[in-house]
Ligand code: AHR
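A single chain, nothing else alongside it, follows as structure tokens in the form predicted alone.
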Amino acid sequence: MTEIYLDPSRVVGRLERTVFGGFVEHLGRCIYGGVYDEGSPLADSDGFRTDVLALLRDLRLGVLRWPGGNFVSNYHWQDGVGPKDARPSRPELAWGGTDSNRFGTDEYLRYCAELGVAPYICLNMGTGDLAEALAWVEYCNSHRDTYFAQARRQNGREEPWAVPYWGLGNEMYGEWQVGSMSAEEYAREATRWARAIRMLDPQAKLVSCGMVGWSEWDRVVVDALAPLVDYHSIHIYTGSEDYWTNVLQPHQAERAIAAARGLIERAAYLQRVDHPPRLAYDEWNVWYRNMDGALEERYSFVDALAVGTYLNIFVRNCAWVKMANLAQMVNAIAPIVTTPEAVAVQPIYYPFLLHSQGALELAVDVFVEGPTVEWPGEPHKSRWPHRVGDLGPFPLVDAAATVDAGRRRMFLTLVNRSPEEPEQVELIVRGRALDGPARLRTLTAERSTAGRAIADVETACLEEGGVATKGSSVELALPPQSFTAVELSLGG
């Protein structure tokens, strides 16, 4: 039996819609054949796959990061604007492909407008330079009668695109990155870029290139850039063939958030930074099976439990995590898979869907009392050797909760990680009565392959129901290996 105590008056942070963010990169079939498919009967006049658009709209994304990722470190944005037939094809160094440049800045920004999401452009700090970065910001955001603003107008966009978020490079610490550098080199270069971009566009929100949150790279970068940027980024992927490792590894995110927060608070205190940066967890996902080529990972329902846990962690830590971007959205390590004739969603699509559709404005305190689990070690091969045993024990049921500003509604997300047994759960709301039945949406593994839209893409089973409440509590039976979203109405 698990008891979960909820206090709507104990707010832990404001949950930004940008926590439910996405990421698309020129990698495999993510853009071409996924987001963008010129000539397809399933595409609109802009070349956008309408079936993919519809599924992404349902996710209610708050922000969409582009064009990379590793790809951006050799991407020159001027290759991807102007008449499409005049755009050059270029060798793509990060993933070994060729980029036609038929999907560029204006296509991406029109796509963001179609989805109703905020754009987030990552700048090329590999083979690019500051002049190129400033020209990109000018092209997207300037009202002036200047060269690159006029180029935008000539390409069909009179008003500025008003791109709010700009990333100062991607994973510049990695040897796999074109133009990788030391932390000290990056800090010097990013300082120059941040100051110059602020001069051109004082409203630009800048993201420094972080690592895993607790590294020496993070310390050096935070110390240098805390007064200059709005966000510090974190990238961690997890995943394993072992069940418990897979479902518990997302708790590495809690270590990363706590460590990065400490570095930022230290820098802010020593340097007297009035408005220290917050965290952008701008790449995260389960990813361990397919590391080469197009990265067309096929997900299981166990991966969906891990994704649900990641999102719970971001909600619980939303006072510091102000952006998070699932990497990626279509075909490449993605919740959505396409063929020329069809589209399907993988199990990891559903916890994101339920989270983003139900989440309310304010995250509140959650206390879970019940069975716990320890990380049993790593008996199987894992591509991401993140230790989590020193972070446990972990509640068998992972939980997060939000309320609306008026404290009349509450939304909970519960992950039952028990592999074989259901778990009885009592939800207890402090100081408030519940008004009417609880609405449940419960996600479990698929029961048959007959409902698959694409033969090798596993789906999931989503069921809706209601449970009577009593006073300030409600009892639920969570199926084994399940993700459940609960909506409650709060009385006096």
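A residue's number is simply how far along the shown sequence it sits, counting from 1. Just so it is clear, the model here is predicted, and its values are computed rather than measured.
Keep in mind the form predicted in complex with the ligand is missing from the figure; the text below concerns it.
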* Flag Trp287 as yes or no: does it have a non-hydrogen atom within 4.5 angstroms of any non-hydrogen atom of the ligand in the model of the complex? => yes
Asp303 versus the ligand, in the model of the complex: is there a non-hydrogen atom within 4.5 Å?
no
With the partner left out here, check for me: in the model of the complex, does some heavy atom of Thr444 sit within 4.5 Å of the ligand?
no
Taking any heavy atom pair closer than or equal to 4.5 Å as contact, tell me whether Gly28 reaches the ligand in the model of the complex. no
Note: exactly one of Ile313, Val337, Ala224, Leu295 sits with a heavy atom within 4.5 Å of the ligand in the model of the complex, namely Leu295
Students should find that, of Asp218, Glu171, Asp398, Glu107, the residue having a non-hydrogen atom no more than 4.5 angstroms from the ligand in the model of the complex is Glu171
TL;DR on 413-421, 272-280, 320-328, 241-249: the one with heavy atoms within 4.5 Å of the ligand in the model of the complex is 320-328
Of the residues spanning 56-74, the ones with some heavy atom within 4.5 Å of the ligand in the model of the complex are Gly69, Asn70
